[in-house]
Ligand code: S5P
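Here's a solo chain for you in structure tokens, the form predicted on its own.
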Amino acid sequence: MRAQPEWLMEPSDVWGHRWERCENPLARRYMEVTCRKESLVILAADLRTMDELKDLVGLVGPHIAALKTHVDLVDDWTADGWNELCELAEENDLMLFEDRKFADIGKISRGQMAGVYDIRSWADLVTAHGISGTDIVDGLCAGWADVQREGGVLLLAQMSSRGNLLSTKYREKMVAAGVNNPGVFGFIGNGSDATELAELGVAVGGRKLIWTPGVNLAVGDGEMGQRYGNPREAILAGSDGIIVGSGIHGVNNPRGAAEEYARVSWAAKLERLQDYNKL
């Protein structure tokens, strides 16, 4: 892990009342990482081989705050190879975020945290739908507790894909169920729609974080129904972390792209400091 330069801003200065109000311990850890990296970028490393994943982390690790994975997407996955990736993530001061989108009852979700991939042993954060009820958060947190670890759940309150079924009413129920749950790290919001995202931010208040896919410096429609909004606009609207995939790993210069997303995200975060109510 890199030492924090003395000139960097303190997390409490950058995050304001969020630093005190966010209850999940992983939330503070994320805030600290963002200040060390001066980046609110979560890399969506949706790649198919271990070598591709490790090469990418080696290239862009200094410019991102977290690594989002789909462990079951990797064609040549092995436990040893994944351990190497986790070690590389730790060397680069990255939080590990498995985008599993759990959706079953609590007992089954607890079991799914184990299994062949043993997600509970390496993931700091996971995503979950609330369709099965709020016990899913208890089940996921029990999975971490089984191996004496703490983690955090990001509940999907919105999605950026075209035609998704997460309505305003569903969002309201997700926020009501999760905002007072200490196991909930935060919510997934729609980075492609600043107005919709701002509504989520108002509903969530200052006790949870919001991470957003659907952002790209090249605004517009992507493959298979994905939509993209501008990362600066997403952060100003309430995003606390921008999830970027092809905008980094799908270009000719991933390192340069990661640097640019980090610069844009950090500048937007500091711009938000001018309005206390949007901290």
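Note that residue numbering follows the sequence shown and begins at 1. In this text the structure is predicted, and so the values were computed from the model without any measurement.
There is another form of the same protein, the form predicted in complex with 6-sulfanyluridine-5'-phosphate; it is not shown, and what comes next is about it.
- Within 4.5 Å of 6-sulfanyluridine-5'-phosphate in the predicted bound form, a heavy atom is found for every one of 70, 101 and 246.
- Remark: of stretches 56-64, 23-31, 41-49, 231-239, the one touching 6-sulfanyluridine-5'-phosphate in the predicted bound form is 41-49 (heavy atom within 4.5 Å).
- For the options 197, 188, 113, 153, the one in contact with 6-sulfanyluridine-5'-phosphate in the predicted bound form, meaning a heavy atom within 4.5 Å, is 188.
- Proximity to 6-sulfanyluridine-5'-phosphate in the predicted bound form, defined as a heavy atom within 4.5 Å, singles out one entry of 95, 85, 159, 128, which is 159.
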